[in-house]
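Just the one chain here, the form predicted on its own, laid out as structure tokens.
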């Protein structure tokens, strides 16, 4: 329910890692330039399906527009291929320079989305101290949920215990959480030698935050959905000064989650967390697809790419995982 596929050579490299094992994904719109019109959205969807190749028939790209001040006509034109609109505050993450500066000034667009039944997906951070950015944004969610009670709002990739608590306060508020935020803390990123391939936005937080997220996921909290936030960057953009934010989790996502849920005796909740909750919350009817996972060890490749295009380092590169996708 939260995926970055990029475009061009990167799209062609990474698309199958999600289109193969998943029946659908919410595609983020922060390209350069961002996806802000029906024409651009429809063309991007076509490129995704082309890159999916043999997986395209059983993969549903759920397309999003990059939030700006839209008219009713602009939103209506995009509706045939539109799932949601994604809001980025200005400058908070990769390619968010076109994000909005004032939430309150966007009320007319929020009202249109509420009337038209279009979900609002939010990267909920301020530009304050890095560990406090999500917590500082929670009051914005409270305001939006109160002012627009029929607007379906998703707090994307939550990372704090406070965000989990907020879920139960508003009927129209939901959330996604990534697999890596269920496992890592800031110590894993920067507690020893800096681990650039674990650096992401929002940044990983404290053990207590990680534990609250994990408890909600393992229990298949009915308002929480798995959103991978799988975000590929070329190796040279990660292993450098000015490291790009993003964890490329797509190649290991299902095996790593199966291992995590099995370790906690919660495999019976894995389906709801990965897919069931999202289908119920959003009324989705994805293509039929069955995935078989087996408890069989394998080693994660250290690189994705054959050298003729971009090379990406996946999450858990070189590690041995206990579960794998069999079919």
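This structure is a prediction, so every number in the text was calculated from the model and none was measured. Numbering follows the first chain given and starts at 1.
A second form of this protein, the form predicted in complex with a small molecule, is not displayed here; the remarks below concern that form.
Residue-level contacts in the predicted complex: of 227, 246, 251, 89, one residue has a heavy atom within 4.5 Å of the small molecule, and it is 246. Between the small molecule and the residues 152, 201, 221, 133, the one pair within 4.5 Å by heavy atoms in the predicted complex involves 201. Residue 123 belongs to the set of residues with a heavy atom inside 4.5 Å of the small molecule in the predicted complex.
Although the partner is absent here, residue 231 lies within 4.5 Å of the small molecule in the predicted complex, judged by heavy atoms.
Proximity of residue 64 to the small molecule in the predicted complex: non-hydrogen atoms within 4.5 Å are absent; the residue sits far from the partner. Although the partner is absent from this view, residue 172 stays clear of the small molecule in the predicted complex, with no non-hydrogen atom inside 4.5 angstroms. Partner proximity in the predicted complex, defined as non-hydrogen atoms within 4.5 angstroms of the small molecule, places exactly one of 212-220, 141-149, 251-259, 91-99 at the interface: 91-99.
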